[in-house]
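As structure tokens, one chain now follows by itself in the form predicted on its own.
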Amino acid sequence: MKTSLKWLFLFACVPLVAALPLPDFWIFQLNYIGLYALTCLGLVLLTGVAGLTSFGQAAFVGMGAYTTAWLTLNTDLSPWLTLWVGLGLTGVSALAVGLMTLRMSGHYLPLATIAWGLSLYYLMGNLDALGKYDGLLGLKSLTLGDFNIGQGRAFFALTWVIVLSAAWGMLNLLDSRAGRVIRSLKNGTQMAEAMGINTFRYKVIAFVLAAMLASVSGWLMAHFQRTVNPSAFGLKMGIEYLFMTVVGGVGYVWGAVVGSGLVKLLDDYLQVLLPRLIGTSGSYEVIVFGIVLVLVLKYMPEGLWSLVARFLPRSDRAENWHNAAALSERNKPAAGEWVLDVQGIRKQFGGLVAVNDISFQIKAQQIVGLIGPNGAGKSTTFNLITGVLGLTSGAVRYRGETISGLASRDIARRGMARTFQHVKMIPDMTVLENVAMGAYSRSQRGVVSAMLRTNQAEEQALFKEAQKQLQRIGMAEHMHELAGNLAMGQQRLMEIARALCADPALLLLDEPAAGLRHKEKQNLAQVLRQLRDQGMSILLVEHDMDLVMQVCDHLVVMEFGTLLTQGTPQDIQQSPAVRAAYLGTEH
């Protein structure tokens, strides 16, 4: 309720500001700030949240601007219809560019965005139909019936209603099933893929959404300036948009507005002040902006809005999911049924054989321990089973189906969940939100539903399931804490709860007791036995032999990537070969 009132207040402020007796110059400035903020909102999603750096946003602004300019000058289409045509062209173009470039990482992605941004800029400047570098002139301002929106207060109201609507949709998206996935991209894709998520798909979605926001900005800009030429859509403006976003706070929705306002006003002020101080004209403001950017990156890497965010109360999620419908559950294997059959798997990295001819099986309601000294190949075996690494030879069958060669997300969707040797999480999300990601494949609402907030019933069901699993492992009291603030042992327990949210038939735990205190290990052992009794099968990699001997029904021992022996815990304890592997042999 408080959130709804806040948004009603913000939207009500738009006509109030337009009605204030502000000078027309300030209204004009606020119009430009709104246009820039709309483009920067896309960069918050793409760069700040998803971690994908792009210098090409200005080119998509140009696509929206040139589409409406050419259509209104050469056809009878209403400018309001040209908006949708521009969004369609921009969406298709962004999809094509994204499919080609978003598989790149590191510095290659920014370089690729520079390349296609320059390509679109020179295309705009060399086409006769687009007026070459002179551009298209004589556009009309937007109208509603006989009412001319013009460039003043009515245009201000239109622009800022669109900006606030985009910010509302963006915040809704980030607080949703799809938004949590996009927020996870910045920390790598392995964890999300293990939850059954196609991370490349969400990279493309973020890229297309950012481009479409830029296109709307371009449509508004064309009818605001009444002329369109390539100079406003080149690499220089692409860099400026990114500069605005970083200065304002690239990880914050409201940082886009703060950065746009600050840079626009500072730019105009410096263009007047610096020539007076220096005594000669020139683009000296660029030098100042460069210095400001270096200082911000050095001393305030999260941007100016981060200073404000420190003093804003963090609102805990209201626990309104107690009456939510339960998520659907998958069919579990019957007692004694083969769940996992590993047949002679091998992994070779060049001349190094990391895993060599490993075979073992797991039955329903059985805990199998995979043990061995450091460097024995246990985690590599884990990654081969779960599809993180491809097999050199051999096969893996899960519940009678060959899963060798499938991507890790496809294996996860079949009912296999895992944790990681090194904890993988999103530190700036709450424990509850991290755990809810595990139930991704049990839900289906997408981006549009999230932005319009028609996904609330499913969101409540996801959080109900997440709370249930946290209670199951004794972590319920921590569910509203930021995951990054937890101790290592608690983070590992959180990972187990996240895996349980997937409702798996087979749970793979990679060193879950690492970092746990004695009492926590005892609780973990109790949870594992409880899961087994409830019908779950577990593959456990662990160095804590006390825990292994307490909970495991069968042990598989590896040494130097090969199978040393396997059997019951009692057999393994009495094996001379195992003692030699761990303690060495006496010469």
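Given the structure is predicted, the values throughout are model-derived calculations rather than measurements. Residue positions are given as counts along the sequence shown, with the first one as 1.
As for the form predicted in complex with adenosine-5'-diphosphate (ADP), it is not shown, yet the points below apply to it.
Proximity to adenosine-5'-diphosphate (ADP) in the predicted complex, defined as a heavy atom within 4.5 Å, singles out one entry of Ala513, Ile205, Ala167, Ala376, which is Ala376.
Of the residues given (Thr82, Gln225, Ser408, Thr380), Thr380 alone sits with a heavy atom within 4.5 Å of adenosine-5'-diphosphate (ADP) in the predicted complex. In the predicted complex, Phe311 stays away from adenosine-5'-diphosphate (ADP), with no heavy atom inside 4.5 Å.
Contact annotation for Phe147: none of its heavy atoms lies within 4.5 Å of adenosine-5'-diphosphate (ADP) in the predicted complex.
Remark: Tyr299 does not count among the residues lining adenosine-5'-diphosphate (ADP) in the predicted complex, judged by a heavy atom distance of 4.5 Å or less. When adenosine-5'-diphosphate (ADP) is considered in the predicted complex, Phe349 lines it closely, a heavy atom lying within 4.5 Å. Heavy atoms within 4.5 Å of adenosine-5'-diphosphate (ADP) in the predicted complex map, among the stretches 513 to 521, 398 to 406, 352 to 360, 109 to 117, onto 352 to 360 alone.
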